[in-house]
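Next up: a single chain in structure tokens, the form predicted alone.
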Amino acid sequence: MYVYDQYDQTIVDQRVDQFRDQTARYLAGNLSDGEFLPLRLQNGLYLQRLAPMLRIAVPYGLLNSTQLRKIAFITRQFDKGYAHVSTRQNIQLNWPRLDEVPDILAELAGVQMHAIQTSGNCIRNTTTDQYAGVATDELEDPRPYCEIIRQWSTLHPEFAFLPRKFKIAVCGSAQDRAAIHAHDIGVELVANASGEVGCKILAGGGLGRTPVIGSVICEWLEKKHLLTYLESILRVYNQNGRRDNKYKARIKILVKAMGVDAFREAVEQEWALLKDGPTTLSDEAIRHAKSFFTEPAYLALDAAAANSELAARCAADPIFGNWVKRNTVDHRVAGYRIVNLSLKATGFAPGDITDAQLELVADLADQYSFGEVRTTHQQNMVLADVQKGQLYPLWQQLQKAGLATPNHGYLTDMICCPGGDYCSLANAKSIPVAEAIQSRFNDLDYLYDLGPIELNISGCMNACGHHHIGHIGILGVDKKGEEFYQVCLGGSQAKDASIGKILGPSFSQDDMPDVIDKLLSTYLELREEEEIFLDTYRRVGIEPFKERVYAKAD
């Protein structure tokens, strides 16, 4: 993973000192709320419903065990003993004291971490596939390009005050695990007819009040032109994006207003001025970025023997075997597996992890996975490089810690924003709805029979829970001061991306488990062999589900 140089560390240390002074002046009454607002947002600090919220940057979801232990320490020392993994692969603290935030930032700086540009109208944390570098369907590791984008975008003076926040995701695999179609810019590594790998560029995607699937702006771009092309898109947006109405300020609105072809032409005109300029990537610059993502010291394992041993262990302990089947994934290196750590145990807020669990995961990373941990878009964690022969002792420790729920990719492995329990923007609570659904559908055999289902929950139209692109999406809404929930069906974050369609009138919180039950029963009655929920929905449409859910009882 990337290691700071002296310039990185100096910038982060200076930012801590600056914000310490700014916070002291604000608390002393020498800065107004309005003056302090952009300063705190530049450092990832929100003022939430009950306490500040600090969003810690985790570039492209990659952490080492030392950093994870520091997060555990911070949650104990400055918070309430737990942290939250967000859909942007960042880590959030929900209960820090404002006067102690500079101390938290100083602790983070000591392990090459920060909260810069995790909020505000700037380029946010670049995200990618949690299996990057080890996935079997990968064309090329996207992480070096994420790091290149991170370095280019961090404190970029031209893009520090954009019309609205800006999000970039990069995908290098056949399966899109980074939701690139739902980002302001999506970058996909693709091969041309000659087999040369370059970049497909999408722009104008995004969720929120106006969900839009991104449009292809460039089918294939030489990798050396990545930054100049991204800069061209940002310039067109920065110059033409609306600033008079924050609800119409995202790039998706600009692309829609201009039309894709006109927007592409404007980008190409801007690019003509930037192409082959100073930010053109040399071969050496790309090699330098790749040098931080070298292959760890994998052992040359006997694949046949490893498979045989694992199969025997799974047969001897079916509970372990089920976990291996559900929560581990093929690795590109023989004898290894990718392990998903579930942060979706019933009764716990999705994405939350305690200080003790953080410490344990750090220890397990050191013991089993080269000291590296990844956070995921689905609000889980990953140990990417585990020997098959070590899966059983790893599972035993995860199981004791409540991190081995075998539900990865199933209904209860849901995405859920913090909602009205914390967020001042939320219209309704999200966590109680998630817990009610988890409790209602806790029969694993039933979950497995349902097959893969993506259930996403947001507490407001800002869509931090990505409800628009869930197979089933739930949105909290306010109706005359009361909390209700709108349901949409048919969303997808994959390469066949789609925006879910609203089912109909909203429901009360108490109704939600029954509503989900009716949707699932309808699916089971209608599905054909091998169909997952999304396939059935796309074949039969929304009407059968609507009829069942809104049918009047006899």
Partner chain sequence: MPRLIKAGRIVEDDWQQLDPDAATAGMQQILGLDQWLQLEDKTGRAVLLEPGQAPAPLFDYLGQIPLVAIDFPVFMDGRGFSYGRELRERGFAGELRACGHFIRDQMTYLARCGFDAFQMADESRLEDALAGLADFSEHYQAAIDQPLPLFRRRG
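Whichever C-alpha set is largest while still superposing within 1.5 Å between the two forms counts as the rigid core. Positions refer to the first chain, counted from 1. Quantities reported herein were computed from a predicted structural model and do not represent experimental measurements.
FYI, the form predicted in complex with its partner chain isn't displayed, but the following is about it.
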| task | Evaluate residue 175 for contact with its partner chain in the predicted bound form, applying a 4.5 angstroms cut-off between non-hydrogen atoms, and reply yes or no. | result | no
| query | Would residue 494 show up as a contact with its partner chain in the predicted bound form if we use heavy atoms at 4.5 Å? | reply | no
| query | Wondering, does residue 356 line up within 4.5 Å of its partner chain in the predicted bound form on heavy atoms? | reply | no
| task | Spell out, yes or no, whether the shortest heavy atom distance between residue 31 and its partner chain in the predicted bound form is within 4.5 Å. | result | yes
| message | Checking a candidate spot here: are 15, 227 and 270 all in contact with its partner chain in the predicted bound form (at least one heavy atom each within 4.5 Å)? | response | yes
| message | The chain here is shown without its partner chain. Which stretch in 155-163, 255-263, 457-465, 181-189 comes within 4.5 angstroms of it in the predicted bound form, by heavy atom distance? | response | 155-163
| note | in the predicted bound form, the residue from 210, 396, 279, 390 with a non-hydrogen atom within 4.5 Å of its partner chain is 279
| task | Select from the listed residues 519, 56, 503, 39 the one whose heavy atoms reach within 4.5 Å of its partner chain in the predicted bound form. | result | 39
| task | Check each residue of 10-25 against its partner chain in the predicted bound form and list those with a heavy atom within 4.5 Å, in sequence order. | result | 10, 11, 14, 15, 18, 21, 22, 25
| said: Superposing on the rigid core, is the Cα displacement of residue 505 between the shown form and the other one 2 Å or more? | reply: no
